[in-house]
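To begin, one chain is listed below as structure tokens, in the form predicted on its own.
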């Protein structure tokens, strides 16, 4: 079974890209359990608490990331450098338990995967 990495690098609202990424993660998890998810750049906003996308007439799909543990997807990584660049470093700002690692370690972990899909 191949190791698949999903990289979320865009903000959660304004386009359907991230929602489609989550749908892809959940769909592929049915046939492959070797999935890791990385949140880098503006992708760190995917799991933030207290989002209010209704203000921009967008649906709040972000809470759907909460089902990931039920699909045995537990390898979630946040880019420490992206958090610092955007002024966040409290892991309690996010509603899922994630590992916070440096950009260098993210690159090393990505090299261990057979397929990388960016959303």
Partner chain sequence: MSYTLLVTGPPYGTQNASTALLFSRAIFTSNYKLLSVFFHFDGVLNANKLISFSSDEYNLIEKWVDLNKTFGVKLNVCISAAYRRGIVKNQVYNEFSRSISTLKSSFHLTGFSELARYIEKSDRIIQF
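All of these numbers come straight from a predicted model, not from anything done at the bench. Positions refer to the first chain, counted from 1.
The same protein also exists as the form predicted together with its partner chain; that form is not shown, yet it is the one meant from here on.
Legend entry - Touches its partner chain in the predicted complex: residue 56 (any heavy atom, 4.5 Å): No, no contact at 4.5 Å.
Legend entry - Any non-hydrogen atom of residue 111 within 4.5 angstroms of its partner chain in the predicted complex: No - in the predicted complex, heavy atoms of residue 111 and its partner chain never come within 4.5 Å of each other.
Legend entry - Residue contact check: residue 28 to its partner chain in the predicted complex, 4.5 Å heavy atom: Yes - in the predicted complex, heavy atoms of residue 28 and its partner chain come within 4.5 Å of each other.
Inset, instruction - Could you confirm whether residue 32 comes within 4.5 Å of its partner chain in the predicted complex, counting heavy atoms only? - result: Close contact exists here: in the predicted complex, residue 32 approaches its partner chain to within 4.5 Å, heavy atoms only.
Legend entry - Site check 2, 17 and 20: each within 4.5 Å of its partner chain in the predicted complex by heavy atom: All three within 4.5 Å in the predicted complex.
Inset, instruction - Select from 100 to 119 the residues with a non-hydrogen atom within 4.5 Å of its partner chain in the predicted complex and write them out in sequence order. - result: Going through 100 to 119 in order - heavy atoms within 4.5 Å of its partner chain in the predicted complex - the hits are 115, 116, 117, 118, 119.
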